[in-house]
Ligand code: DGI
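Form predicted on its own, single chain, as structure tokens, below.
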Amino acid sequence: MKIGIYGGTFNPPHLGHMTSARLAMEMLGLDRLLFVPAAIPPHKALPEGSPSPEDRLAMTVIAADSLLLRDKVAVDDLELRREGKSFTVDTLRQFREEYPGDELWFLMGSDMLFSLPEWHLPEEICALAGLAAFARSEGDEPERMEVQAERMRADYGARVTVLRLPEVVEVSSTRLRAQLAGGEGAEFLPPSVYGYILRMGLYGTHKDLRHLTDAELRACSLSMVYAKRHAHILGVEEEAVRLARRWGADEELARRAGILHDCTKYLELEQQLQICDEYGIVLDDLERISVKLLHSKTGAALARHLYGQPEEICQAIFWHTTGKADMTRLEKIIYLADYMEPNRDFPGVEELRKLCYEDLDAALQMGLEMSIEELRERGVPIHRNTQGALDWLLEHRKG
């Protein structure tokens, strides 16, 4: 198995890191890639005001997840667990013990390739892993890198490959940190990483979470869920705005409800229950044991108390999973947008999409009936509010 090891302070992890990692995986044919955040770099002190190791680890996990390669990409905290300075040779020794029969590749930028002879025990580093060096700016000359690679081969018997990346995202971490403090730089980060920075107030951002722009709110929401959920959240936002436009609802309320509707989707049952207890959300017996029923309630609570959203948005999020009798227009829109957004694919979804733009109540009835039928087929209990929503529609649509 070929394993790539990508170390660094990741302060913060940005698109330059992610682009280089993705392309290196493809060009080297890696089976696995491990990001390894450094605790105390031996060659330089972390800048004043840098986030804690825990925050840098969390950002790196979020950034790695954004590559959507969970079966191949992971983050290892071994350097954060190790006391003292993070010497690369110690890290590679540990990986060699853990993966004795595998082919290790240490990924680095051109600056690291040129400075490696000055590192601690460079000859042992070269014995433990191959070196894969990539350009970190378009000004890097592959020819110079090849000369240095040949020197490493001659001096240390190193196994070196120079990766000529077809795509280079030029990002200076120093400049990016300054930009973030000035309210700029989001375009150089995975949106979910930027959202984490905003939520935690890192790099001098200190945003008021109750007064975020749509883009900032979206980034915060995406930072709270796995990347595999991002397409769905963006799809619900997109569909909710279209439905609001069609039926004369407030498009901005629909947008923000769509952005936040799944923000607590991946919290564990215990965490969901803690939020419900904290904000006085009353639960029935089924809800207390079903984590899938809780994220709408906890998401509404955070929309209200953390992000300061209007009550119409909070109520639309609260009811988007089960529905309820006598739903408002916005509640219907979010329920249906969640059900049939563009990424959904199941029998009958195209018919439901068409009906959503012809008769909102008829579409809601169809969606509820389909949901109830699916739950019955799976042997899952039907929540009383879902049945109540359908019963109310059946009664009032007759009239």
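Quick note: we count residues from 1 along the sequence shown, nothing fancier. Quick caveat, the model's predicted, so the values are computed rather than measured.
A second form of this protein, the form predicted in complex with this ligand, is not displayed here; the remarks below concern that form.
Listed residues Arg151, Arg164, Arg93, Lys292 were compared with this ligand in the model of the complex; Lys292 is the one with a heavy atom within 4.5 Å. Partner contacts here mean any heavy atom within 4.5 Å of this ligand in the model of the complex, and among 106-114, 207-215, 126-134, 314-322 they occur only in 314-322. Using a 4.5 angstroms threshold between heavy atoms, Met18 stays clear of this ligand in the model of the complex. Proximity of Arg304 to this ligand in the model of the complex: non-hydrogen atoms within 4.5 Å are absent; the residue sits far from the partner. Contact check for His383: a heavy atom falls within 4.5 Å of this ligand in the model of the complex. Using a 4.5 Å cutoff between non-hydrogen atoms, Arg255 does not count as a contact of this ligand in the model of the complex. Residues from 222-251 that approach this ligand in the model of the complex with a non-hydrogen atom closer than or equal to 4.5 Å are Arg229, His232, in the order they occur in the chain.
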